[in-house]
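Next up: just one chain, as structure tokens, the form predicted alone.
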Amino acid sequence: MKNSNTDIRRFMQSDPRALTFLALPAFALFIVFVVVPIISGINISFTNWNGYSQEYSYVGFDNYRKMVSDPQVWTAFKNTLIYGFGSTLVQTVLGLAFAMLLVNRFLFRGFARTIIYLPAMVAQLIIGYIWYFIVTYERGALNDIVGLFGVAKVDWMSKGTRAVLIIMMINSIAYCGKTMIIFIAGLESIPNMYSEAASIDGANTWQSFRHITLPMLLPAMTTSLVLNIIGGLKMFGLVVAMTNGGPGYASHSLSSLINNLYFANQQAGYSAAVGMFSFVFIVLVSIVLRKYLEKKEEQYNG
């Protein structure tokens, strides 16, 4: 195996075109499954296509002008910000807390890590349906529990703001294990000599965490924050499973609204326009956040 790897490296060094040749399959897949759908979506966003008919016409920027004044889009956009930034904040705090605890060696540490990470391996839609049967008004597990104490049933998802916050918290709890794994990897890469030197100098636990651990976790923090932001801003499964955007359209994310506009309202052209807006927004947020965090890393390393 070692000789085989050496031969491959020598072949690539002797012929630089080999690297391009080896990258062609990946590049072709990227073109087919990323570039082409994006171009197709841009094209559809300028039409009045209903998603099913063979006939449609181009309407210019009408879909984008409609989007600017559409209260459904702005409600979904506000909710998307809560899902994205709110989930990221809670996931980061929970993930870092679990990582700080489970980086230490103790009995059943592996089991605890598995239990916390396990929900991250389950499809978001499945998690949503599980929680739906917990918080639903009729025969919901949560209402059955509070009923044991003589408390009246609560329709947890009947108010838009409360529904959005509940969905945000469920997403945070379900996927904090992913954040935990990233931080554990970062913590395990920090040499012990730094914390030992800080302890000798008289630093307490908080000072050691603030001035040593946290700055050296910046690379892990960058990865975690960018992934969590992207995941939260494109939240779909939990919203569809738990409220389907209701009550009314009060808990829609942009992703679930796009789905609703296409399949329920048969407004494929308008749906594509909202989708392009969502795509550009998520790309810009992820780029700006990554650049900012990388700059922080450079300042610390410099």
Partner chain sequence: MKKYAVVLCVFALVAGTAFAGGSQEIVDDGGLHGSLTVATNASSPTFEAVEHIIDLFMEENPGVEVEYTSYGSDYENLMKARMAANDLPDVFATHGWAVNRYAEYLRPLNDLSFASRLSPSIVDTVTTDNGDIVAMPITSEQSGIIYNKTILEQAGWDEVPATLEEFYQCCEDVKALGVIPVYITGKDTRIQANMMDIMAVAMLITSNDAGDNAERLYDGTFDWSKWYPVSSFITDLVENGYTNVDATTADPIYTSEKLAFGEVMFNFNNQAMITDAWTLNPDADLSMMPVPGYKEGDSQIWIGGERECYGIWKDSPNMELAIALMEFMARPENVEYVCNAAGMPSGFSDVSPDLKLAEEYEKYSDLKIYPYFDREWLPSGMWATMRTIGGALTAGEMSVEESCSTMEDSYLSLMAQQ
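These numbers were taken from a predicted model, which means no experiment stands behind them. Positions refer to the first chain, counted from 1.
If you look for the form predicted in complex with the partner chain, you will not find it shown, but the lines that follow are about it.
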Please pick out the stretch from 202-210, 131-139, 92-100, 79-87 that is in contact with the partner chain in the predicted complex, where contact means heavy atoms within 4.5 Å. 131-139
Tell me, out of 35, 264, 42, 68, which residue has a non-hydrogen atom within 4.5 angstroms of the partner chain in the predicted complex. 264
Indicate whether the partner chain has at least one heavy atom within 4.5 Å of a heavy atom of residue 160 in the predicted complex. yes
Can you check whether residue 51 is within 4.5 Å of the partner chain in the predicted complex, heavy atom basis? yes
Taking the shortest heavy atom distance, is residue 242 within 4.5 Å of the partner chain in the predicted complex? yes
Report yes if any heavy atom of residue 277 sits within 4.5 Å of a heavy atom of the partner chain in the predicted complex; otherwise report no. no
Considering only 214-235, what residues come within 4.5 Å of the partner chain in the predicted complex, judged by heavy atoms? none
